[in-house]
Ligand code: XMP
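Below sits a lone chain in structure tokens, taken as the form predicted alone.
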Amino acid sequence: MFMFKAKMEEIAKKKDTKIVLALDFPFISLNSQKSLFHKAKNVIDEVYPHICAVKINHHLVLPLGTFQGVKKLIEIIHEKNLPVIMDCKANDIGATNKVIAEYYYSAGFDAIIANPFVGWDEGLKPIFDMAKKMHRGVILLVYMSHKGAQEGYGQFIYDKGKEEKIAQYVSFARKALKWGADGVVVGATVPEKIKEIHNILGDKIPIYSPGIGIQGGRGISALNAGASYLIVGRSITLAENPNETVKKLIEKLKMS
């Protein structure tokens, strides 16, 4: 299970970067899939020397197709020796989650992001089983980067096992350890949560922090709080010069 985790650590160290590119683009005309594919490819070609992985969301899967354009992009990314994460936030019954994982892993994704809300038995267990079988990774969504995350991930629950009242995200962090996740997602917009979750996980599980830039998250604050990787999307993909943008971000992080 930890092959993906080790691969990420190796690439990040070798390239001296903690940036994961979120290949996100706005809605386009349904007749413009070809141009979207080339736009995504061009961004990859520009920034790949400065990133340690690529994250793909529904922004590309829906218009390009999992086994059509997206699979081709994955092959291009793999040729540059970068892992690819699918941000599907899998959150269904076990039978459906198993199919979701098998399709995305078969398309070439090295890891998928899953939502712990559905629990383990007949929930996320089939995803972890499939990841183990196919030598892939699972990253758990512990606290999102948007303001409304507090309503779900920040709510308090009663932990019967420990007979205590805890925040939902604390429960999810503990489950990441128990289930053997390869990483967790915690928004860069909440560095105080990153710090709290890092205190739970230690160095056993890396933290991926999205929300840098447009959403208001600061890379320096996230890293200082305990994040291992910074997920950066629109600040790079929508920039006039993505290459210069990511280089400036890395330089700023190194100066801090």
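All figures in this text were calculated on a predicted structure; none of them were measured in a lab. Numbering starts at 1 and follows the sequence shown.
Missing here is the form predicted in complex with the ligand; even so, the following discussion is about that form.
- Across the options 191-199, 26-34, 40-48, 227-235, residues that bring heavy atoms within 4.5 Å of the ligand in the predicted complex belong to 227-235.
- Residue M144 is the only one of I127, A176, M144, V84 with a heavy atom lying within 4.5 Å of the ligand in the predicted complex.
- For the options K80, K162, K89, H135, the residue carrying a heavy atom within 4.5 angstroms of the ligand in the predicted complex is K89.
- Q215 belongs to the set of residues with a heavy atom inside 4.5 Å of the ligand in the predicted complex.
- A residue is said to contact a partner when one of its heavy atoms sits within 4.5 Å of a partner heavy atom; V185 meets this definition for the ligand in the predicted complex.
- The closest non-hydrogen atom of I19 lies beyond 4.5 Å of the ligand in the predicted complex.
- Although the partner is absent from this view, I113 contacts the ligand in the predicted complex, with a non-hydrogen atom inside 4.5 angstroms.
- Along 36-59, residues K55, N57, H59 each place a heavy atom within 4.5 Å of the ligand in the predicted complex.
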